[in-house]
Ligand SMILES: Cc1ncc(COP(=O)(O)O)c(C=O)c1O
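Before any questions on how it binds or moves, here is one chain, the form predicted alone, in structure tokens.
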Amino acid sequence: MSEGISQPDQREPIEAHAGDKDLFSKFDDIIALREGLLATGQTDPFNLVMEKVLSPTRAICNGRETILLGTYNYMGMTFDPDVVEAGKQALADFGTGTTGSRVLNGTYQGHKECEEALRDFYEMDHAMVFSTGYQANLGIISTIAGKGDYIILDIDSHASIWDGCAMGNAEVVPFKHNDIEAMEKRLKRIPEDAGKLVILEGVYSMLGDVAPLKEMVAVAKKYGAMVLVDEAHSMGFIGDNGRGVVEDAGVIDDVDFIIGTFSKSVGTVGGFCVSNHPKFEIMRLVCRPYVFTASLPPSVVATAATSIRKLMHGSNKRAHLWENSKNLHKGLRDLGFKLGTEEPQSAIIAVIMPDLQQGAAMWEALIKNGLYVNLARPPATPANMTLLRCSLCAEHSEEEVAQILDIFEKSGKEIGII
């Protein structure tokens, strides 16, 4: 060590000056909200620890067996024996990770097999796998729509969509949620010769409502726009073959890009984009969130490929999940809870709470009574609502749905919400 250079333990603390700006000050309102919530003795609803996962529908939380109703594990593939075995075999054959990007050493045989499974699942020409669903939106959107282009998107779009817009520096034109007329008005104002990308979601994750894709895609094409649909919450479940709302609405051949994730119905982690665009493969060289990040571990892509191929034959699971959704939706309405949709539209059922305090209290009552759901709060929610978001699984039995309703009734009466 050179003379005059201090050892780490000899350094004097850096003093703050009166004019220094604390870069964390922008979070003060959120910090105060959280501290106020916890000061009442409320358990932190955003820091739940699952001590042991028993199945797709049950886990040990806070030392007790708990029914899981907030995991997005729609098709229950996380414990499928074939999927688990595929992951074990890949781990043994290829090790724990790739230690590289897809464009360098990070493309293993499993990555190609996973993309092949996606092409077969969607019957499309191209498939590109990302390390997360967030990165799929970030990468595809920021790469195809840049400066001088226009993105027309639903105001309730997921954070990853908004971040993809910001990263690409395109002109962003939002429209009122699921409003076809508002969307067309925005498209009319955009220069005819400009590049245009309309971004929609099949199922919106907060309320579980479905987009009117048939009408919206027709309007987008009328004005010469390309269309990207995020099917994160419908892939595997909605549509005759589980291809999402685009399939159910009959517009799968009219959209340009479908984005999805492996962390929901597929039961692992990762993201993807499928497309029939003839130039799509160039994305592997120009999409920064794909080029500049490590690829998924071999065990993960092996589980994803196996799960995707099994979902092609998941019609019985899809039918059972629809029954679960209908039964839970009706049961909660009959108990007097206010829900995000008049009828069940997906595997997400949102229970609207009066405010954050009562919502947090209800969440805590549910977890203490053996049921886990998601507490969703502003600003992530539409119209500043506080929601208890339930996501059903194809592995929930009829008896478990009845148990869930009993716990909601008991907890709602304890808190005074019903």
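We number the residues from 1 along the sequence you see. Just so it is clear, the structure is predicted and the values come from calculations on it, not from any experiment.
The following text describes the form predicted in complex with this ligand, which does not appear among the structures shown.
Residues within 4.5 angstroms of this ligand in the predicted complex, judged by any non-hydrogen atom, belong to 133 to 141 and to none of the other stretches in 133 to 141, 321 to 329, 100 to 108, 236 to 244. Although this ligand is omitted here, in the predicted complex all of Ser160, Glu201 and Ser263 have a heavy atom within 4.5 Å of it.
In the predicted complex, no heavy atom of Gly267 sits within 4.5 Å of this ligand. Looking at Ala232, you'd find a heavy atom of it within 4.5 angstroms of this ligand in the predicted complex.
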